[in-house]
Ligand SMILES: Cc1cc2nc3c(=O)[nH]c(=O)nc-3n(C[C@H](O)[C@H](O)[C@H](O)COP(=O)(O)OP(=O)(O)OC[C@H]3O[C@@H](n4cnc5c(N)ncnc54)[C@H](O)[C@@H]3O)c2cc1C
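Shown next as structure tokens: one chain only, the form predicted alone.
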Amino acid sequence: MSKVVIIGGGIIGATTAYALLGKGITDITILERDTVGSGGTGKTAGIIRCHYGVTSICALALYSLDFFENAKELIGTDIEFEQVGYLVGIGAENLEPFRASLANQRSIGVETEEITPAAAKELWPTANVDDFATFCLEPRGGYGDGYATVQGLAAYLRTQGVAIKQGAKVAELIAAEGKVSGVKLVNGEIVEADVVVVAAGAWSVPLLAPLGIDLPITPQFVQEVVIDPAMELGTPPVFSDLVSMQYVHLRGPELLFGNSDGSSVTPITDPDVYPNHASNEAIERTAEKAINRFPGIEDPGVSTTTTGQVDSTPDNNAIISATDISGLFVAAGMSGHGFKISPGVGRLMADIIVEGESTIPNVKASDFRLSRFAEGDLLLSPYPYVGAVGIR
């Protein structure tokens, strides 16, 4: 039986271990340099949706919904999934790709329907919807808590015999004659393995580079602003506003706002080094957008800000792939989609390790191969939205 080492104690590492257990592989060790969920997982906005133009991504998200909806029964923990629905609004310039994408989503089983601006107004009474052409509502969508989810998974994995080592920073991967044999920690300890999965987000890049594996991943700085509406808003759906290019959802009594304008991303050199507070420019931009979109909120105020980084690829889609080194696999470059598709990513990674191909309906493992970048065969939506660069 294979001995598997997973590098990265975030949601992708945890769901990969979970899926491998389902395939009967039990000798699994997760190595986390800090603590479980301390990287990108703990800072995710937590939006859960299936609204994607790429069929394989959409199908991964659909597969993942079953986990989010049934986590209490599956792992014994409430992961704080708020199934309030997911609302998308678009302008007239995006009508054609929007409707084509919805048709494709429905063809593989996603529950989503086009609704009028008037119907959307009933869901978000404080919003101005006059500049939208149409909306869609995905009732099974919503938002979750990335940290609670990965902690719940970790607790379950431990009960199943998975070893989770925190404070275990990897110094290098050990490989010879085209085959991986384990990893070396910074303290000199060698952890032997037949299979190594690198699921460390942007930190995967320096781990694989010494082996001649170039991951085209760039960390991108993310800034979000939390606004206190000073009023009760009920339980409206997560709102993806593709006219103002922003997303918003409740976080307790407050509203979390993020930027959906893919053309204004900011690359950073080191995934560990970025500001811990949003810039004044980002705060002002968000406040202006919020006031214009939600005139029914009479006295909003900025409560706090959050920042983080996402591990982005050139096509804004994940790498879930074998490598040229036998036994070495990578699941990274989630490009901001990782949490919402993570159960599907874990299952696909386990499929690739065990079967060599996807067993998830409508998911092609080849779509996520690392070699696609060198081949110039990027994974792009056939229904791209104007302005929403890379996010659909």
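All of these numbers come straight from a predicted model, not from anything done at the bench. Note that residue numbering follows the sequence shown and begins at 1.
The discussion below concerns the form predicted in complex with the named molecule, not included here.
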{"query": "Pocket open vs blocked [the named molecule transferred in the model of the complex by site C-alpha superposition; 2.4 Å, backbone or C-beta, 3 atoms]", "finding": "open"}
{"query": "Contact test in the model of the complex: residue 170 vs the named molecule, heavy atoms, 4.5 Å", "finding": "yes"}
{"query": "Residue 308, heavy atom within 4.5 angstroms of the named molecule in the model of the complex", "finding": "yes"}
{"query": "Exercise: residue 26 in contact with the named molecule in the model of the complex, heavy atom 4.5 Å", "finding": "no"}
{"query": "Exercise: residue 89 in contact with the named molecule in the model of the complex, heavy atom 4.5 Å", "finding": "no"}
{"query": "Segment that reaches the named molecule in the model of the complex - one of 278-286, 202-210, 155-163, 293-301, heavy atoms within 4.5 Å", "finding": "202-210"}
{"query": "Check all three, 110, 343 and 347, heavy atom within 4.5 Å of the named molecule in the model of the complex", "finding": "no"}
{"query": "Contacts with the named molecule in the model of the complex - residues in 108-143 whose heavy atoms fall within 4.5 Å", "finding": "none"}
